[in-house]
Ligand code: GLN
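Read the single chain below, which is given as structure tokens and is the form predicted on its own.
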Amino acid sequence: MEYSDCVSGEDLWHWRQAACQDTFDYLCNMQFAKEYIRELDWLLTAVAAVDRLALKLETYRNCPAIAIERPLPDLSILWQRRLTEQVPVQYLLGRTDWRDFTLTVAPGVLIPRPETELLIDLAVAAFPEADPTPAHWADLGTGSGAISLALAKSFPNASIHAVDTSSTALSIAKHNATQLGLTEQVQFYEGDWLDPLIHLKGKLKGIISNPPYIPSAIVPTLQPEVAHHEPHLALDGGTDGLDAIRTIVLQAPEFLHSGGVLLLEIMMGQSEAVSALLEQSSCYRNIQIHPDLAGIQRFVQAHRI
């Protein structure tokens, strides 16, 4: 983070008090407003040299000078957009924290969720030993590049192949790879799922994806931050939400070598249907369902026979 401005703790305190009051006044719902206040504090910790504990205890109020990324009037404009347009705060800032790094995000890519971090943990758990030879992994529907970049950090000797059908998403993902110094390890491809990776048939150690899995009819009913601002291309999984998953399950056996792993994030309630797809293909073994931190059956893991 680069700080370009400075404010007194007293001024920052008054700004936060006013922003909190605006939030309560606009939402007229105390419990709902509290969720927004948590976001407000995340915003402040992201742009100013102040932490959550200092905000909670208000110890920052007596600081003569606090470094800040942008002037308070600019923050007021951002926060009003959060309230009135329901733009996700990550888009307003243009970045989000995910796993152990910071990613650039914009409306052209899905905001990576904390639960998706568990896909990386499952990948590492599947192959805890260091690769004796360079391995190949594919990240399908890479979006911001979050999964690809985390794989690269977790498997420093591996080559990561990131695919997305959106040129906008790929541009953002490439920027993130450059920022993290991972351009040599991660290659990007524009196309549908495994189609651009024909040269890797039978060579992949792992295929990992957080594909669109929400049924089309449900997408417009999602919370406004998602339905109105995040790309439907990354959300809409067709009539039953399984269009992309069917394609990946069907294509993956041609690309995975024996023992290679397929890891998918899915929607609550889809685990039985996805498990059935894997079983019907007769190409997978050791099919497992893993919960997220909330206990929701969120991830499917299977190994190529």
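Numbering starts at 1 and runs along the sequence shown. Please read these numbers as outputs of a predicted model, since none were measured by experiment.
A second form of this protein, the form predicted in complex with glutamine (GLN), is not displayed here; the remarks below concern that form.
Residues placing heavy atoms within 4.5 Å of glutamine (GLN) in the predicted bound form fall in a single listed stretch, namely 108-116, out of 155-163, 127-135, 77-85, 108-116. Asn210 is the sole member of Ser148, Asn176, Asn210, Gln90 with a non-hydrogen atom lying within 4.5 angstroms of glutamine (GLN) in the predicted bound form. Proximity to glutamine (GLN) in the predicted bound form, defined as a heavy atom within 4.5 Å, holds among Leu180, Leu197, Leu72, Leu235 only for Leu235. Proximity of Leu242, Asp292 and Val300 to glutamine (GLN) in the predicted bound form is absent: no residue of the three has a non-hydrogen atom within 4.5 angstroms. Taking the partner from elsewhere, Ile214 is found to have a heavy atom lying within 4.5 Å of glutamine (GLN) in the predicted bound form. Taking the partner from the other structure, glutamine (GLN) in the predicted bound form has a heavy atom within 4.5 Å of a heavy atom of Val226. In this stretch, 244-267, the one residue having a heavy atom within 4.5 Å of glutamine (GLN) in the predicted bound form is Glu265; the partner itself is omitted from this view.
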